[in-house]
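Only one chain is given next, in structure tokens, and it is the form predicted on its own.
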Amino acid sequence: MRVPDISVEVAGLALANPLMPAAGPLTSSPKAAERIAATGVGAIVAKTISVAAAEVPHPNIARLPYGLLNCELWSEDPPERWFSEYLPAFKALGRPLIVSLGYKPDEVRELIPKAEPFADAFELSTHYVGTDPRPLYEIAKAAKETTEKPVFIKLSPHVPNIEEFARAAEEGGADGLVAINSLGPGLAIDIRRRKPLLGGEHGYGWLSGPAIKPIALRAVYDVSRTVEIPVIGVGGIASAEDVVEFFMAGASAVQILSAAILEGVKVFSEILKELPNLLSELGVESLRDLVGVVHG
């Protein structure tokens, strides 16, 4: 049996492999992104850019036995620095670049033209917790009216019916979905300091890592059976086995964040080394053949 093919295609983006960092601290600067690119990932997802720099509480990331709790926001650097300095450096890394933007339709219309020269695709970050899916339709529509490049909508796990929200994004013109965002808010307390582990008014944060993997898998499974557009899976992925699970649930690519923070960025290269071996063990010639195989 020949070496299994781990290349993928997502909404017209051809990737040498399915791995990419999720938007966040792993890609908060050109230096950070260079470390990720060196691991061999298939694409780079930049930390989310908004219309103004974020003011992030400190400390903003806490290590827990079951993952990470964070109160990170979007980039702490102003958008002007991203457009003049960061994104040109990201583009020079030679990997497909997905630029993450937030958070409202008018802001997306303002930001996309400035990022357009560097982006191969866009990811629109949402942490929407309401019950009306229309805002996802509207942000997808605003983006697709502004660019012809692929647009991915990141879904929150907190909505009452994630399939309905996925359909709204698809109807708005989204070319793909990213499932899921982190879970929360949650709270962790330092009992000796008698204070929350995280900064901010109440010390609240958002949970990611192994604890949310079953929720993320279920979301990918439900969403990929509902829409015709591809789904990028994210949430608790730390091994080649996890990647295969997400593909079987319906993902066409995956993103990793917490595992690379907890274990180091070597997790990307380790998965890339192990993935073909695992596919050979499973008798699979192409990773793409596994997409949605458990749907029945």
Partner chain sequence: MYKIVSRRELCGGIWEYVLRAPLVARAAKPGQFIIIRLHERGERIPLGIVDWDPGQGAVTVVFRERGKTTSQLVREYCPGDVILDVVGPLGNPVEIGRPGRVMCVGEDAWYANLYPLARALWEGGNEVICLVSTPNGSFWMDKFSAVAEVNLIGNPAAALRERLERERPALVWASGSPAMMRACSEICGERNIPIRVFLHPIMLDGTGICGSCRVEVGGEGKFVCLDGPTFDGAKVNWEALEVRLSAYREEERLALVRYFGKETG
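Numbering follows the first chain given and starts at 1. Model, not experiment: these values are computed from the prediction.
Omitted here: the form predicted together with the partner chain. The next part is about that form.
Here the chain stands alone, but in the model of the complex its contact with the partner chain, taken as any heavy atom within 4.5 Å, falls in 187-195 among 137-145, 187-195, 93-101, 154-162. Only one of I232, L68, I256, I49 lies close to the partner chain in the model of the complex, with a heavy atom inside 4.5 Å, and it is L68. Proximity to the partner chain in the model of the complex, taken as a non-hydrogen atom within 4.5 angstroms, holds for one residue of A37, V265, A53, M248, which is V265.
Taken together, A32, P59 and A260 are fully in contact with the partner chain in the model of the complex: each brings a heavy atom within 4.5 Å.
Contact annotation for E76: at least one heavy atom lies within 4.5 Å of the partner chain in the model of the complex. The closest heavy atom approach of E270 to the partner chain in the model of the complex falls within 4.5 Å. Looking at P276, you'd find every heavy atom of it more than 4.5 angstroms from the partner chain in the model of the complex.
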